[in-house]
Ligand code: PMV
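This document opens with one chain alone, in structure tokens, the form predicted on its own.
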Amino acid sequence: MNRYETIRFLLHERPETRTESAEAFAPANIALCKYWGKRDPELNLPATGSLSISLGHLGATTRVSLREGADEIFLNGEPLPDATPFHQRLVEFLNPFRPEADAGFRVDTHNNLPTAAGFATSAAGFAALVLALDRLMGWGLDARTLSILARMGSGSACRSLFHGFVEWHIGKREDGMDSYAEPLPETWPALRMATLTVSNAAKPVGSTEGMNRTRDTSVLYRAWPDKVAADLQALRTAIHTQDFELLGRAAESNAMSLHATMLGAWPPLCYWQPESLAAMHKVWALRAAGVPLYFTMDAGPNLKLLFLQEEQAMVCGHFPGADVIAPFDHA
């Protein structure tokens, strides 16, 4: 099945109790073990599993309503012109959800994180949209179905439906019905993450293009599935046993391995800025001095620091611009 057929199959014979409009929030999520590469681009099926943690109050709020005529898309209060790639991508995603062929949608999304800068706002936006559509149409979909639907808008969106630790299962089926995300049962109240914004600018190469280039041209990508399998197991163990050193080491190693595969692509993909590298060296120096502090990075220049509550004052002192998140205050 293609994407349209899959979505229509999932919505088949669902009763509808429509409302005038509906709104939903979804948190951004940061992968501790990264999603990078697809085994099926049409259905956004991943080449490996992944595991993330939500960013609590940071994410996307989306309001959606039905209207006559063409779709209207607004991002942070500004209309997106029809010709923009994201407008076209969103309209294409909305097509299978239309109750009638000529029905239009108005979509208003507000991000409280920099857009397209490595903070997973696209994932949060598609997750919030799917939740809002479910409420608008009154489908009452279960969490697994919602996760599959969100995945087809943006792969990582399947994880943004949930708070806390979330694992995305790679699945084996060609139709993708066994590739979905679900939250892990463990919580970790003392765990902290801080977003360290180096740049708010949109990244020069988007994630989809970056994934494809890395997969097709980087010889280092051949080792990526084995690296992910080992890191996933280490992270599951760390979360279950509350072993912060193991968690931090696995997350940082996974992030650095991801960026190594991208640096090995051609043309090379380097999302770092000089300030990114300076911040990494600062973390490494603090850790060498005995401070339990780690970081992770997605495809962008911005770092996400990992530490425990007892280190928060110290971290804020060394990184005064960091925005501290307690993920399990929102679980």
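These figures come from a predicted structure and were not determined experimentally. Note that residue numbering begins at 1 and tracks the sequence as displayed.
Separately, the form predicted in complex with the named molecule exists; it is not shown, and the next lines address it.
Participant: In the predicted bound form, which of the listed residues (299, 269, 286, 47) lies with a heavy atom within 4.5 Å of the named molecule?
Facilitator: Checked against the cut-off, the match is 299.
Participant: Quick one: from 26, 306, 31, 55, grab the residue that has a heavy atom within 4.5 Å of the named molecule in the predicted bound form.
Facilitator: The option sitting close enough to the partner is 31.
Participant: Using a 4.5 Å heavy atom cut-off, which stretch among 98 to 106, 243 to 251, 154 to 162, 191 to 199 contacts the named molecule in the predicted bound form?
Facilitator: Going by heavy atoms within 4.5 Å, the stretch is 154 to 162.
Participant: Although the partner isn't part of this model, could you tell me whether residue 295 comes within 4.5 Å of the named molecule in the predicted bound form, counting any heavy atom of the residue?
Facilitator: No, residue 295 sits far enough from the named molecule in the predicted bound form that none of its heavy atoms falls within 4.5 Å.
Participant: Quick check on residue 111: any heavy atom within 4.5 Å of the named molecule in the predicted bound form?
Facilitator: Residue 111: no contact with the named molecule in the predicted bound form.
Participant: Does any heavy atom of residue 207 come within 4.5 Å of a heavy atom of the named molecule in the predicted bound form?
Facilitator: Contact check for residue 207: yes, within 4.5 Å of the named molecule in the predicted bound form.
Participant: Whether residue 136 contacts the named molecule in the predicted bound form should be assessed with a 4.5 Å heavy atom distance threshold; does it?
Facilitator: Answer no; every heavy atom of residue 136 is more than 4.5 Å from the named molecule in the predicted bound form.
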